[in-house]
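Listed next as structure tokens is one chain, alone, in the form predicted alone.
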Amino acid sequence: MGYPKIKHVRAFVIKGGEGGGGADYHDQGEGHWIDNHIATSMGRYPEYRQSRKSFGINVLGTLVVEIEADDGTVGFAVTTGGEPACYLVEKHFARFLEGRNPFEYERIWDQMYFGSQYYGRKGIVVNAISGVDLALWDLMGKLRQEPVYHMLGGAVRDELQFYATGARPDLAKEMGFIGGKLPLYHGPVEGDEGLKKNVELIADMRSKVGEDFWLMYDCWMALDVNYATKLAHKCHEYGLKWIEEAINPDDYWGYQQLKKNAPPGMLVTTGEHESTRWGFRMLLDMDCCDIIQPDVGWCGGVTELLKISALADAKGTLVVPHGSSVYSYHFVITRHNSPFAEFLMMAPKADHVAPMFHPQLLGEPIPEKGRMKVTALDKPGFGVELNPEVKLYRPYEH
């Protein structure tokens, strides 16, 4: 069966005070839990300790990629990357797509990656590649009139189950989630007093949620091996399920040591800020963690996530993607080694379930009582649409 070829590739950002939320989920208003004295590697500087936005976590903004076929069908995706990523998509990557069969996604990915390898390999370049790849999968699904998960092999279970990331695991339990992951509020620079507060918070939450509810700590690259080891052991008696992204993501040797140091039964997880099969091969071959957590909008897109997942499956390691809404749901539902999904609580007080990529996406499914039926994903492509009320700006054209 012949399909129309790719006609146009376009890249947009959102400006004018409309960038908060969506793919740039860190860009939130004052008082939101996601930007409230969370431990970071910048915490060593007092002026950047209270807010992640103070050191620029929100400077890039959302990237929106559109891929239009000859017949007018448009696939799209959102991730982070802002204007720098727009430049890459328009001025570099578009040449590998326009005039091509959209189903040649392997060749397109390969050419984008190796064509930019001399200045890319990770970071914002792979973010841009991820956005293009996700838009391509959305286009393919729309051309075939089937959801992305069908094209990935079909569902291996009838529903997704979720844990919640947010400031209130006790409320997440009431909402039906299987676990709650807290941000770590105090890093090494705050000394023993900060460590004590971290442990006290887990103890308090354990008393509120009971024994069977999962509790995890998201450390967002803020710790060193010694501090992470002490934190893990002090929280062990309160049933901490895992310690996540505790140290510098480039310190594979540190993660290897932390996994050895962790108390029996506690998992070490990481990978949110890792990218491509080669980065994850390091984590897996060096036995750095128990669960890898690639973000499909940052690691290389669906095309690369499939390769990463296959590597992990061969090693017996679970793949639980970083929260990225429908872009990860379509993957998780098709893989046995991805048994549950993350849901970011985007309500400012983490007190109710709200769409993760609001206001940019329309039709975004959300969990009900911590679960989501596979039928919620049955629309073509990723099953969502761009909100026409969110104004897009195209900073570059080709």
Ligand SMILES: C[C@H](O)[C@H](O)[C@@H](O)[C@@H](O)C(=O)O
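Predicted model, so just to flag it, every value in this text is computed and none were measured. From 1 onward, residues are counted along the sequence shown.
Keep in mind the form predicted in complex with this ligand is missing from the figure; the text below concerns it.
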Which among 331-339, 369-377, 30-38, 60-68 is in contact with this ligand in the predicted complex, heavy atoms within 4.5 angstroms? 30-38
Partner proximity in the predicted complex: Thr165 to this ligand, non-hydrogen atom cutoff 4.5 Å: yes
Touches this ligand in the predicted complex: Trp220 (any heavy atom, 4.5 Å): yes
State yes or no: in the predicted complex, is some non-hydrogen atom of Tyr25 no more than 4.5 angstroms from a non-hydrogen atom of this ligand? yes
Applying a 4.5 Å heavy atom distance criterion, does Pro183 contact this ligand in the predicted complex? yes
Within 4.5 Å of this ligand in the predicted complex - does that hold for a heavy atom of every one of Asp133, Met151 and Glu304? no
